[in-house]
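Next comes just one chain, in structure tokens: the form predicted on its own.
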Amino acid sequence: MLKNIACLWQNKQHRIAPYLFISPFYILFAVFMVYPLCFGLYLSLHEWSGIGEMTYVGLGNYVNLLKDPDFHLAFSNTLWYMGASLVINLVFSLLLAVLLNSALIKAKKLFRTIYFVPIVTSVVAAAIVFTLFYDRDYGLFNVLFMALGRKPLDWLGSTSLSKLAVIGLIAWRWTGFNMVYFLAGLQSIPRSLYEAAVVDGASPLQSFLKITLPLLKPVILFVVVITLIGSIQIFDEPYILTGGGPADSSMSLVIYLFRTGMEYLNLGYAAAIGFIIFGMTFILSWIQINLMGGFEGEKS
């Protein structure tokens, strides 16, 4: 009898042991991911300043967001950043990667290092340097403009130019980072394909369109998705460079979330903004992945 009980207990231990070994991950995931997400959703349905009791408002915060002109402006600015970042970072990153992967460029390691340096540079330091570059009276860009006989531009003080100034900093910081992904993708394409294309009489442009782009599709998909997600969540560059101004002309959704939660202490409204950002990120990433046929190879 005792022997049977001991065997049953030993079998039970063997079944439980694997779950005990992996339980730390699930516990940490629940504490630091699931709980904040659930609490954020709960908070978005309430009014709360961080002190005192919460007031349940249901979907009131989301309804108010639809009528909030500041939210509309922040949403519009964020869409502007998304579109510009996708076009600039995707095109320039791919062109740089193709050039650095070709035999035309010498000292490739030096150029790769130069282009990757911005990503390891502190965004605060970069923003301060760019603030000097954008200075209306003594900035580098206006000095170049005046050398060409043009009037100086108020990059950071103009509502029409502030977003361009932010995009310039974003392009400088992230083009080299995306270039590394494209470079890795290019180097994984067999050289024999290009050699066969040359034998068949294909031009460099035809090789690029028929070989490079199709085989780079997974990398392009990945770069598009991470650029999109990063653009939706953009905060550092506009906040340090312009503070979201002038007149909120460069304010992103995350800056508006930060102001609403940390400066105005309207935490429920800020949580609702956060879930709007989460929804945008999830939906657009899902659409892009499915439209481009991403990860089909993994399924098969």
Partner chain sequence: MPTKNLPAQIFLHLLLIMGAIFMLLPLFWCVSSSFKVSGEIFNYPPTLFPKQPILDNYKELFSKFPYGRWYVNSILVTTLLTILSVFFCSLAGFAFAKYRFALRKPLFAVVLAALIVPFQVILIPLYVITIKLGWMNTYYALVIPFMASPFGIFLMRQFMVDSIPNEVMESARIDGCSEFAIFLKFALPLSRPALGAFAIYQFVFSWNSFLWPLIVLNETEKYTLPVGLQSLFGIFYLKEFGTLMAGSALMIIPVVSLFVFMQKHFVSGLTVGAVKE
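Numbering follows the first chain given and starts at 1. Remember, it's a predicted structure, so these values are computed and weren't measured experimentally. Rigid core here is just the name for the largest C-alpha set that superposes within 1.5 Å across the two forms.
Just so you know, the form predicted together with its partner chain exists too; it's not on screen, but the next bit is about it.
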Task: Contact residue in the predicted complex, chosen from Val129, Leu209, Leu193, Leu79 - any heavy atom within 4.5 Å of its partner chain - done: Val129
Task: 4.5 Å heavy atom contact, Ser203 and its partner chain in the predicted complex - done: no
Open item on the list: Please tell me whether any heavy atom belonging to Lys151 falls inside 4.5 Å of a heavy atom of its partner chain, as the geometry stands in the predicted complex.
Closed with: no
TODO: Spell out, yes or no, whether the shortest heavy atom distance between Trp172 and its partner chain in the predicted complex is within 4.5 Å.
DONE: yes
- [ ] Would you please decide whether Thr113 lies within 4.5 angstroms of its partner chain in the predicted complex, comparing each non-hydrogen atom pair?
- [x] yes
- [ ] May I ask whether Leu43, Val117 and Thr281 each come within 4.5 Å of its partner chain in the predicted complex, counting any non-hydrogen atom?
- [x] yes
Open item on the list: If you apply a 4.5 angstroms heavy atom cut-off, which residues in 36 to 56 are near its partner chain in the predicted complex?
Closed with: Pro36, Leu37, Phe39, Gly40, Leu43, Trp48
- [ ] Using a rigid core alignment, state whether the CA of Ile276 is displaced by 2 Å or more between this form and the one not shown.
- [x] no
